[in-house]
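One chain follows as structure tokens, the form predicted alone.
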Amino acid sequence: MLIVLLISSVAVFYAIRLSGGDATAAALPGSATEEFREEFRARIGLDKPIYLQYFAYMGKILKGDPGHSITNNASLVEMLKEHGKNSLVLGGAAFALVFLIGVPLGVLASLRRNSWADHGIMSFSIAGMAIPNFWLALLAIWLFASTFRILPAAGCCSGKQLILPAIVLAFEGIALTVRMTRSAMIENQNNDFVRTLRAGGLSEWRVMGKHVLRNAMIPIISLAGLRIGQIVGYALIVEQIFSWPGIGQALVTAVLRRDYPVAQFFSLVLVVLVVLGNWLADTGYTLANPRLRRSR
């Protein structure tokens, strides 16, 4: 994890600095002279070689002082608290929808295998993986906000304003969870212990709900950590389209304005979340699988 974070910090820093544009454009008025712009660059350290800028920046990060925004001098710590809270609400709602909807639909599809319910659920799953996230967001706005006018098209942070972005953000995750749950349930239904439980007189619902589902949850728990990375990545698009003031929207705005401190800091925050998600996936899989615990 530390190696990945180190490499990511270098990649993010250099990618933003070498992407072109003028960092003073959003911070200074258009009438500012070139001499004044050069003085501004020197004051914030942009006149130094990039590798020296990187070491200086990482030194501040390790001290717990990520700095301030170039455009409005806002503290990045305060910006993280504000935007991070909004992203946590949206991401948490989407994460909950992924499993509250995906797991029951996957279980139902496995229990009604090859029925109309199974075909309908799997068709929904295929559509969920095929529809691009940004197109689904625009379609949802057109249908529910512009046509039926039952939900707001953008804004934060009421319950109604949360519904559309949370569903769009969770949609592909729901589809993947449905497919994995169905496959895991069907695979476990063919095990010897299931036939033994049935022969012992246990009801079908108890066999499926208590024993088969518990074993099928092992890959689903592993999938949970990976869903964090997916939600973090798609949040950049969803927050921008729905004007949800989270980390994703702040990052996109900072990149467009060449606000280097904000873009660097929030990019690293997202990288940390993805890495932690992968680590949680590995840890959760180990905790959920008794055979792996015994092997250690």
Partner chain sequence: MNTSDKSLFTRAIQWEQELIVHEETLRANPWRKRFQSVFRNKMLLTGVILGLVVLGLALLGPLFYDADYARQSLRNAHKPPLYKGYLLGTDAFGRDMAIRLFVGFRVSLFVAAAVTALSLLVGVALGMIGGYVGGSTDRVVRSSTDFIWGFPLILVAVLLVGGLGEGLFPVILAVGIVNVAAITRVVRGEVVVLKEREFVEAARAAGVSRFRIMWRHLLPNVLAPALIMASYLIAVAVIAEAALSFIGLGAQPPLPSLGKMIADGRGFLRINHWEATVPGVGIVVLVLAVSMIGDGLRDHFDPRLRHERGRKKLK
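Numbering follows the first chain given and starts at 1. Keep in mind it's a predicted model, so treat the numbers as computed, not measured. Each form is matched to the other, and the largest set of C-alpha atoms that superpose within 1.5 Å is called the rigid core.
Omitted here: the form predicted together with its partner chain. The next part is about that form.
Does its partner chain come within 4.5 Å of a heavy atom in each of Ala15, Ile237 and Val255 in the predicted complex? Checked in the predicted complex: all three residues contact its partner chain.
request  = Select from the listed residues Met122, Val77, Leu138, Leu100 the one whose heavy atoms reach within 4.5 Å of its partner chain in the predicted complex.
outcome  = Result of the distance check: Leu138.
(message) in the predicted complex, is there a heavy atom of its partner chain that lies within 4.5 Å of any heavy atom of Val274, even though the partner is absent here?
(response) Looking in the predicted complex, residue contacts with its partner chain include Val274, since a heavy atom lies within 4.5 Å.
Hey, in the predicted complex, is Ser146 touching its partner chain, heavy atoms inside 4.5 Å? So Ser146 counts as contacting its partner chain.
Q: Classify Ala130 as contacting or not contacting its partner chain in the predicted complex by the rule of any non-hydrogen atom within 4.5 angstroms, answering yes or no.
A: Heavy-atom contact with its partner chain at 4.5 Å: present for Ala130.
Original post:
So, in the predicted complex, is Thr283 in contact with its partner chain at a 4.5 angstroms heavy atom limit?
Top reply: It does not: once its partner chain is placed as it appears in the predicted complex, Thr283 has no heavy atom within 4.5 Å of it.
Cα displacement of Val10 between the shown form and the other one reaching 2 Å, rigid core superposed:
Where the cores coincide, Val10 still shows a C-alpha shift between the shown form and the other one that is 2 Å or more.
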